[in-house]
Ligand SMILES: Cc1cc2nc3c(=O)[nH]c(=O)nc-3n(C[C@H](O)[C@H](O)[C@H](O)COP(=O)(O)OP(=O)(O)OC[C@H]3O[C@@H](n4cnc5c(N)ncnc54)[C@H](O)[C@@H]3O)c2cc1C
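Shown below, as structure tokens, is a lone chain in the form predicted alone; questions about how it binds or moves come after it.
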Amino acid sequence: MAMQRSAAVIGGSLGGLFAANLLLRAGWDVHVYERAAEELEGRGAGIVTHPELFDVLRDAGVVVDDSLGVKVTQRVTLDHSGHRLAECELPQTLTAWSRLYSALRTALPDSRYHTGKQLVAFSDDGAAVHARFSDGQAVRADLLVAADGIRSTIRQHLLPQVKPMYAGYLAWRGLVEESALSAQALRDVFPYFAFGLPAQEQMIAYPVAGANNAVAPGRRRYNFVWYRPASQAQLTDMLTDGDGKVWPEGIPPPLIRTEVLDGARQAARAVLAPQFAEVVEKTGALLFQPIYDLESPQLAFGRIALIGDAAFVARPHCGMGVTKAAADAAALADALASPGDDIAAGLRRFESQRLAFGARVVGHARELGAYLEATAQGRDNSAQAHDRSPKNVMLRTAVPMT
């Protein structure tokens, strides 16, 4: 009888959990190592789902039913005064990061998820991979899966020339309790996947599950992503906390200076529809996310594989980040499905399937963000202006890639 193969998954967010659950169900001895000292429950915001995501969730042992998210049937665009400019039918289920994390984490036995594990070294000797953590623990496995995100320690070592590239704009994000919204906002935007298209900017918003993953009316939340240009100098200032420390890889939300938050709320009142401005105003944990592109030219390195944001990072316009991470994990498990197969050969098969697709997703997201990027860089954006019609934006944003 063949010996059970083992896998060490570095990174305990969604991509790592997808990989761990799928490999576990394929017969692997899998352990996840997450650098955060506590589990990640409660982090993140809204997520747009696609049919492929539901398929991988089922394969990972998650029950896919109405509790997974909030269903919407229509998209609308509001003008600056708050009146409806356009609408279109587009049924979709919208969920939250915490809802998917909870489902995937529940599917994985507690004994296989380890927190407080900061990776400090790893190697591949051809016969096995070895990982060492800051607490002194050393792990030997047949496979190492890098699911450690956009700042991946593993990718930075294997591909030091590959770095996240700032797109020239950022996204303000937040969640508001359904119960906190006015009757106007509940009527005009909450039931919809809603858009706003102020000059040089873009707002999207949609309902998601509330606290404790509640999807009952009155207990949900409204999620928004508001894109705004910001030069590198402006971004550096925004990433500077009250003590003068710059956080180049992302400032913790509690450390964002009050004047930066106040400036965002003031801008919302000036440029957004009143319903959207209300949503921004009532967001308690307002935060911003610089928008990056990242493309890895290689995903397989002997017994080591890159997946999810460790491999590719696409701008959020296409709404494919979580679905792509899930599909990466599924392709990885499929490529290693035969117990007798050579792992390195299986990873080369995985790479051949996912490399071109990852580049395609990044390219598609760049196209969707071309207007914002040109605006941020002070270039003529008239070539992209025709793509800014409400109907075009609604039909191309966060939809399945076909």
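From a predicted model like this one, the values you see are computed outputs, not experimental measurements. Position 1 is the first residue in the sequence shown; the rest follow in order.
Same protein, other form: the form predicted in complex with the named molecule, not shown, and the subject of what follows.
Within 4.5 Å of the named molecule in the model of the complex, a heavy atom is found for all three of S13, G46 and G149. Heavy atoms within 4.5 Å of the named molecule in the model of the complex belong, among the stretches 257-265, 303-311, 73-81, 210-218, to residues of 303-311. With a 4.5 Å cutoff on heavy atoms, Y33 counts as touching the named molecule in the model of the complex. Proximity of W97 to the named molecule in the model of the complex falls within the 4.5 Å heavy atom cutoff. Within this chain, T323 lines the site of the named molecule in the model of the complex, having a heavy atom no more than 4.5 Å away. The shortest heavy atom separation between P316 and the named molecule in the model of the complex is within 4.5 Å. Q289 is the sole member of Q298, S179, T236, Q289 with a non-hydrogen atom within 4.5 Å of the named molecule in the model of the complex.
R173 is the sole member of R105, R173, K282, H130 with a non-hydrogen atom within 4.5 Å of the named molecule in the model of the complex.
Shown here without the named molecule, the chain has W97, K117, Q118, L119 in 88-123 lying with a heavy atom within 4.5 Å of that partner in the model of the complex.
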